[in-house]
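The chain that follows stands alone, in the form predicted on its own, written as structure tokens.
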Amino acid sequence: MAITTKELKHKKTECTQATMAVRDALDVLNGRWKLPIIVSLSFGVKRFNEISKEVLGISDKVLAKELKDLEMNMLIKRTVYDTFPPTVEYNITEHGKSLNSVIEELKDWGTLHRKKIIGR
């Protein structure tokens, strides 16, 4: 059965929309550190130094930048408490929690990929 011009246009539109949606997601989650930070915060509210210790290899400067980006995209929330010195805590938002299934799938795929490539 041949594909009609209308069906071809529809498929092209679907493809373009899917590509744009994936690109939007990758633009928000780009880089090496954003997903590990989100994973860290998915285990509870944390302070800057706690995140820094859990996300191995990240510098404080990069962590500060990534936290600002994640906050700007409403994936995490920064709360400053009026103490001396000020206490700052970070937690994942409901919008950030919507990534849980994506992160779980990436974790599973990463485990399989590691086994296939490295053999462990």
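Just so you know, these numbers come straight off a predicted model, no measurement behind them. Note that residue numbering begins at 1 and tracks the sequence as displayed.
The form predicted in complex with the DNA is left out here; the points below concern that form.
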Partner proximity in the model of the complex: G57 to the DNA, non-hydrogen atom cutoff 4.5 Å: yes
Residue contact check: G44 to the DNA in the model of the complex, 4.5 Å heavy atom: no
Any non-hydrogen atom of H95 within 4.5 angstroms of the DNA in the model of the complex: no
Close approach of R78 to the DNA in the model of the complex, 4.5 Å, heavy atom: yes
Residues from 41 to 64 in contact with the DNA (non-hydrogen atom within 4.5 Å) in the model of the complex: R47, F48, N49, G57, S59, D60, K61, V62, A64
